[in-house]
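Next up: just one chain, as C-alpha cells, the form predicted alone.
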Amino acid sequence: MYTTDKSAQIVLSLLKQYGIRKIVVSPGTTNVPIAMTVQNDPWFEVYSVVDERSAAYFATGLAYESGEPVVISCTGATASRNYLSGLTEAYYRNLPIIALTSQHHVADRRDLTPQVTDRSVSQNDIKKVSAMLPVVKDTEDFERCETLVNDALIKATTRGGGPVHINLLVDSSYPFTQQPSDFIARKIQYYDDELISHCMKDLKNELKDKKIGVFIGSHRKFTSDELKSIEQFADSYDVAFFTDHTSNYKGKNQVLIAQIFGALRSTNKPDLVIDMGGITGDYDINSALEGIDVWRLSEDGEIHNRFHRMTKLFDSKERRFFEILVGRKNSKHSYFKSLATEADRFIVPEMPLSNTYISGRLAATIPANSNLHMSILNSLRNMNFYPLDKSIDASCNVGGFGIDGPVSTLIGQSMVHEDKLYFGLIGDLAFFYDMNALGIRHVGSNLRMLVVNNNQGVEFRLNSILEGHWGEKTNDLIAATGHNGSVKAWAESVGFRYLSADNIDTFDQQIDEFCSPDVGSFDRPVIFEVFTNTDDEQTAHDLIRM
C-alpha cells in the first residue's frame, strides 16, 4: 500500500532524492500514510520505536554513528512534544534529524478536536527551520510544498547540518494505492563554493549556447571587484542583466525591465535565469519570466523562490560564483545585443502632466553624482522606465514595501554626505503619512523633495482589476480621494523653500532650477509640489506601454 496524498508523496520523493533512507517511526494514526508507504518501500531503512522521546534520542545516536540524516515520524496529540529534548540535543550537536510530524488537515484546535495541538511555534533551539506544509489542492500549493520541503532538507544537510521540523497535514480518509508511485518531486540542487568548483565544467556546459538573463533585485552597492567579475561573466555568455533602479547594477549589458517587458512587451525571453538580490518593485518581471528555469544565487544560503521554477541554489558569494563560471566567449546567441536592439525602439510619447511625465523629466535633469530615493509603487514604477546616469545612487524602501517612511529615510540618507545632493520622488499619501519628518532639526540644504500630489492614492486607480470592477467607487476608502492637502503650509513653517506646479509649462520652467547641480544654489531644503489628476495619470500610464 502506497499513499496518494500529494504532500506525503512530495516528502517521500524528496527524501529519496536527498539520499535519506533511515526513518524511525512511532505508532499512530495521522502518520499512517508515511508509515504504511515506507513499510512497503524497500528503499527505506525503517525502525520502530514506540516512545517518541526515546525515538528522538535513538535517532541522534543513529545519525551520529552513521553520519547520515535520520527522519523521525510521529502522530498528533502530544507525540511531537516528546521530541523536544532529543531535538535540543541534536540542535547543539548539529545532527541532521528531520522531525516529520503529522496531523489531520480538517481538524482545528479551536473546534475542540481531539488530539490536535498547535505546532506553529516552537523553541528556537530545537530546529533550524519549521516547515508547515499546506494541503495540496492546486499548482500553487504544490509548488509551495515542494519549496518548503527542499528548504528543510537543504538546511538539515548543509552548513554543518542540524535538526529541522516538517509538519504534514493528512487526509483522514487515508487514500492509498496498491502500486508504487512513480511520482518525482522537483529537487532543488544545492551548491556551495566547493561544489561549484568541483562541478564547474558541467555548469559551464549547461550555460553554453543558452540565452542567459541575470535578474538583480534590490541590492547593496556593488564593489569594483564584484562588478569586474560580473562583467567578465557577461562577456563570456552575452548575458542580459535585468534590472530596475534599486538593483544598483551599473555595469555592462544592463536592460531596464520596465522598458523591455513593461513598455515594449518583448517576447524575447531567456532560456535560463540566474536570480540574485532582494525584493523588486518592478512587477512586470514576474509574468515576463514565468515558466523559465531558475538558478538562485543566495549569499545567505536561503531558498528565495521568486519565479517558482528554481532548479539550483548556489550558496556562494556573488563575486566567487561569477569568477568560477567565467568562460570563453562561446555563446552562439547574441542575447543582450538582440534585447538592446529592441530597447532602441522605446520612445517616450507625448503625455499629460503625471508621475510618468515628471519621472522622465527628473531622470533626464537630475545632476550626476546625486542620490535619488523613490517612494514605493507608482513613483518607483514610473522612474524605472527611464535610464539614470550611472553615477546616481537610487534607492527605495522595498524591503518591508510599506507606504510609511520614505521622507524619513531620504532625510536620514542626506545626513551622511552634506556636500552631496539628495533628491526624493514621493507620492502625496506617502508624504503625508511621513510628513512629521520635515521637523527633524538636522535637515540641510542638500535635500530636495519632489511630491506628486494627485489628491489620492492614484495607484489604486491604475490597478486594472480594481478599476474594471469599481472605477470611481474606488475613490472613497480604497484610494482615499479628497484629502485636499497641500505640502505648502507645513513645508514653509519648518523652513523649507517651496515650489509648485499644476501644468506642464510651470513644471518645465522650474525643474532645471530644482535640479541645479550646485549644492549651494538653495540656502535651505526644497520641496517641489506638483499637482496632477487621475485622468491624466491614467492616460500617461497607458501611453508609456506601447
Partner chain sequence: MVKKRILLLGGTGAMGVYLVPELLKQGYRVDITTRSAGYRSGVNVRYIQGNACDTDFLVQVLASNYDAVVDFMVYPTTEFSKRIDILLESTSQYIFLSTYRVYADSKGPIRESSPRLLDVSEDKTYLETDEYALQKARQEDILRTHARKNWTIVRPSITYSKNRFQLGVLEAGVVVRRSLEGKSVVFPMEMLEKTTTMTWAGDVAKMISRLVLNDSALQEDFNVVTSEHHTWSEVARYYSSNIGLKIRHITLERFLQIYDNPYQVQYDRMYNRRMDNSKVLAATGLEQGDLMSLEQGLRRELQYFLSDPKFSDLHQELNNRMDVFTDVSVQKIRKKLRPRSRIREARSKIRIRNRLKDIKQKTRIRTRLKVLAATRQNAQKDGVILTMNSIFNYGNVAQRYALQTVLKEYGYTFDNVNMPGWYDAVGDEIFGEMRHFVAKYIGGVPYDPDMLQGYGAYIVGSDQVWRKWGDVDWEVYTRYFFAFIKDSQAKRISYAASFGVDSLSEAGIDSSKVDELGELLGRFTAISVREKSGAQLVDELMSAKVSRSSVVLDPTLLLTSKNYSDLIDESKVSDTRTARVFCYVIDQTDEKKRLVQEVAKDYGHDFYILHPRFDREYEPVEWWLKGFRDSDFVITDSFHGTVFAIINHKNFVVFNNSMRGSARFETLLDSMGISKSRLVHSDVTASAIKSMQLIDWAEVDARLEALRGTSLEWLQSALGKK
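Small disclaimer: the values here were computed from a predicted structure and weren't measured. Numbering follows the first chain given and starts at 1.
Just so you know, the form predicted together with its partner chain exists too; it's not on screen, but the next bit is about it.
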Seminar exercise, completed: In contact with its partner chain in the predicted bound form (heavy atoms, 4.5 Å), from 345-353, 158-166, 75-83, 410-418, is stretch 345-353
Exercise. Considering its partner chain in the predicted bound form, which of 139, 179, 173, 391 comes within 4.5 Å of it through any heavy atom?
Worked result: 139
For this session: Taking 4.5 Å between heavy atoms as the contact cutoff, choose which of 341, 369, 365, 232 touches its partner chain in the predicted bound form.
Result: 341
Exercise. Contact between residue 193 and its partner chain in the predicted bound form at 4.5 Å, heavy atoms?
Worked result: no
For this session: Examine residue 4 and determine whether its closest non-hydrogen atom to its partner chain in the predicted bound form is within 4.5 angstroms.
Result: no
Problem set entry | 4.5 angstroms heavy atom contact with its partner chain in the predicted bound form for residue 261 | yes
For this session: May I ask you to state whether residue 183 is within 4.5 Å of its partner chain in the predicted bound form, using heavy atom distances?
Result: yes
Seminar exercise, completed: Within 453-477, the residues having any heavy atom within 4.5 Å of its partner chain in the predicted bound form are 461, 462, 464, 467, 472
